[in-house]
Structure formats: structure tokens, C-alpha cells
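To begin, one chain is listed below as C-alpha cells, in the form predicted on its own.
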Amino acid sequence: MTETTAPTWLPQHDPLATADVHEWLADWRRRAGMRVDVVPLAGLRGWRQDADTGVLAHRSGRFFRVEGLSVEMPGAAVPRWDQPVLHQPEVGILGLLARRDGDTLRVLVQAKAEPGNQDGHQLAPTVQATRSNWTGVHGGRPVPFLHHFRDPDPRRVIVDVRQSEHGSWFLRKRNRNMVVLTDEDIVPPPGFRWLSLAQVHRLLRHDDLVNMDIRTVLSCLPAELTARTAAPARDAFTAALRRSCRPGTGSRHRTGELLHWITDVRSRTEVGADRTALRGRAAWHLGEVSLRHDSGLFFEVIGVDVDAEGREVASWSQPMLRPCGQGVVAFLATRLDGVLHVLAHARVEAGFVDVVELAPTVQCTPATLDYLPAAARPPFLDQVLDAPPERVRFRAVLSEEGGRLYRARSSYLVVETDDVDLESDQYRWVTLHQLSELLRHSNYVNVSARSLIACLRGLLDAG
């Protein structure tokens, strides 16, 4: 049996599906390897460092730049600081091609290696490309399946929305998140495969397997679609989760009240973020090898040489941002009148387009906290870290964006609590359907929360 006559799709709720995908990914890691060597910033092929400012830019003037950022947040735990930042003004496409097989939604994924990935190849969207990639600035091969997303039939578009990336590391970076239906009988080329939505959801429970870009696209799917196609609820928690994904179920706050709250926090918060030179930034040292903080914490900017099989370009060099420590990203969750709510944080990040986006209850790098004032410690961090195992409903270590971030990983958790009196000016209980409604628009839900939303929905298909 071959894919050309009978595709090797498995039933949506077949428990063997994930093992089969693991074997397929392992095979691609053997067949299409990637070598990444850390090298001095001063010697990156194709990149120029301005002698006066230290700013790093590609010789084409495209892709991205490493610049300085001077930040002021009056009233914050740290009211002023300088840092490097990745500045990538162009908007990329993160696109999933989908097709219906009866009641099953299938998506075309690819096994994609990125230089910053922990384990090389991970599951990625059908298309994951910057404008510089698809316009051929790198001189490489065309991006497969791009035409499905450049000019789609509006009647076939399920998701089309621009969303942000990490506002602490990128300056106003956005990607176009898309899901487009097709009726074409597409035989996947090497490195691509059709998977059911349930299969991808199950794979989210495995460390470093489903990349950040596909997680953010999955989160933008309508919540009720996930609830409608999910497996039967196994317990009271998943029953409450299913109700949380549906419209018309009880929520603590009306969506209009949440919008007022977000707008009010944005209006009361002052943020100044000015692009500056890299040289001369307080507490940062720019040398020939790397750019790092004097404390050895936060992150550093390094250079890498990459040799890759199966990519549009076989060899290149680039700067990357390497975090100093593993992150913790967590939602506290509770059941209110039988409907699951998560505690969302109105989080300020210097790189956001509009000051504040909804974030997980906890989002931090614990290794950096001893260097910062006590007031910078997230209020619910200890509650997450000290949670008994039976209260942890989801846990996985997942990679962040692997094209610009080197070995950036976070422990993603969902911790159930019975304490409902946790709201403040910065925190509100929200349902997954309310987050889904906000995700129809840009700049409301940050990338870490979007990853956790995808993981939570995946619990409905955990099998």
C-alpha cells in the first residue's frame, strides 16, 4: 500500500498514531541532518557589524538585525534597562494546509530542522517562511506549498490573523497565522505528512517534538472545532475543559468586560522602547565572540554556522539569541460552575506592538530572579513549582522559536487549583472560548499563552 493510492493516515483516535510519527521523525533526523557550530560574531559569513554602533545586519539589508533597545517602564519592578533585541520588521507566514476526511480534520505538517532546535527536526507547519525566504533573498529553492497561502480563496480560509512573538526578545515581530482548506488530493513530498488534528494534539505532550510555530497556528483554530471533534471526556477535568471551549457556557467575566480590562491596563501603563546602538549599553559587553550581560544571566547573542540537508539553502551563518536558563510557562486553572477557567496575566513586554497582551499566569526564567528585585518575582511562581503531581494536568518541555533562538526551551505546565480568589488588577479568570474569540484578532494573546492553549486543547484528544 502506498500513499499515492491509499495514504498512510491513521484513524483520528488510534493510540498507535503517535508512535508511528516518532519513527517517521527519527528517520528524517537520520536522513537529513543539520550541523550547527557556535562561532564568533565577528566572523559571520554574510553579516556586517557597524563599526560605530555594533549593530549586526545581513549584507542584503533583509532578514533581521540585532540592535540595542533602551526601555523605560515607570512604576515597574525594574523601571529602566538596556538590552539587545532582534528586529525583524517583515511579516512571515505560518501556514497549515488542511483537508476534511469525514468528521476528521487533517493537516499537512513537515519535519523541519532549525538551528536552534533542541533535537533537530520537529513537527512544523506546512509553510514556515519569512518574506526574505519566499522572495529568494537567500538564493535557495522555492518554498513548497506557498501558493496556497499567498492568494487563497477566502471561502477556504479557516484562520488568518497576524500574531506576535516573544516581546522580550523581538521588537514588534509578527507572523501571519493561517489555516487554509484544500480539496486537492495532495501526495506529501519527502519530509511532509498528513496527520489528524488529534494526532498533533497528542504529540504536544512529548518534549521538543511540536515546534512553536505550529503550536501558535493550532491555538488560532476555533475552540469549538476542537471540542466538537475531541474524544469523549475521561473525567470531570476534561469535561470542564470541553465546556470551556464551547460558546455560551458560563464564564466569570463577559468578553466585553475583559476587553475593557485589557484596554484599561494598556492605557494606564507607560512603556518607552527606543532602538539604540549595541555598543555602550549599560551592563552589556560586546566582544568579537558574543554579546552578553555582565551577570552572565538573561541571554547572550552568539553566532552560528549551519550546514543542513533538505533546506532551501544548504549552508549559512547567522546570529542567534541564546537564553541563559530554562523558562517556566504555566496556567493556573480552576473549575467555576463546571467550566474550566485559566488565570490570564495582563503582561507588559517592551517588544509588544500595543503594550500589553494576555499571558500565562507565570512566564519567567527562574535562574534570573536572584539578580532582580524581589518585586520582579512572579506572584504565583511558588504555587506552580510546588504543586503536587496530582494537580499538574499538563507538563512538557517545549522548544521556542528555533530560527532565531538557540536552545530556548520552557517547561509548560497547567496546574489545577481550588483557590478562586486570585484576581487582581493584573489577573483575570477566562475560558478557552473567550481566549479563542480574542485570537481572532491581533495583539491580544501572547505566544506563550497560545502554546499553552494548544496544549490544553490537546488534552481533549489525549486518548
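Note that the structure is a prediction, hence the values are computed from the model and not measured. We number the residues from 1 along the sequence you see.
Same protein, other form: the form predicted together with a further copy of the same chain, not shown, and the subject of what follows.
Shown alone, this chain has one stretch from 207-215, 380-388, 264-272, 185-193 that lies within 4.5 Å of a further copy of the same chain in the predicted bound form by heavy atoms: 264-272. Contact check at 4.5 Å (heavy atoms) against a further copy of the same chain in the predicted bound form: none of 168, 279 and 395 pass. Residue contact with a further copy of the same chain in the predicted bound form: residue 444 places a heavy atom within 4.5 Å of it.
Interface residue remark: residue 161 is counted as part of the site for a further copy of the same chain in the predicted bound form, having a heavy atom within 4.5 Å.
Taking the partner from elsewhere, residue 440 is found to have a heavy atom lying within 4.5 Å of a further copy of the same chain in the predicted bound form. Of the heavy atoms in residue 257, some are within 4.5 Å of a further copy of the same chain in the predicted bound form. The listed set 146, 353, 367, 336 contains one residue whose heavy atoms approach a further copy of the same chain in the predicted bound form to within 4.5 Å, identified as 353. Residue 131 is the only one of 234, 80, 131, 285 with a heavy atom lying within 4.5 Å of a further copy of the same chain in the predicted bound form. Shown here without a further copy of the same chain, the chain has only 91 in 88-119 lying with a heavy atom within 4.5 Å of that partner in the predicted bound form.
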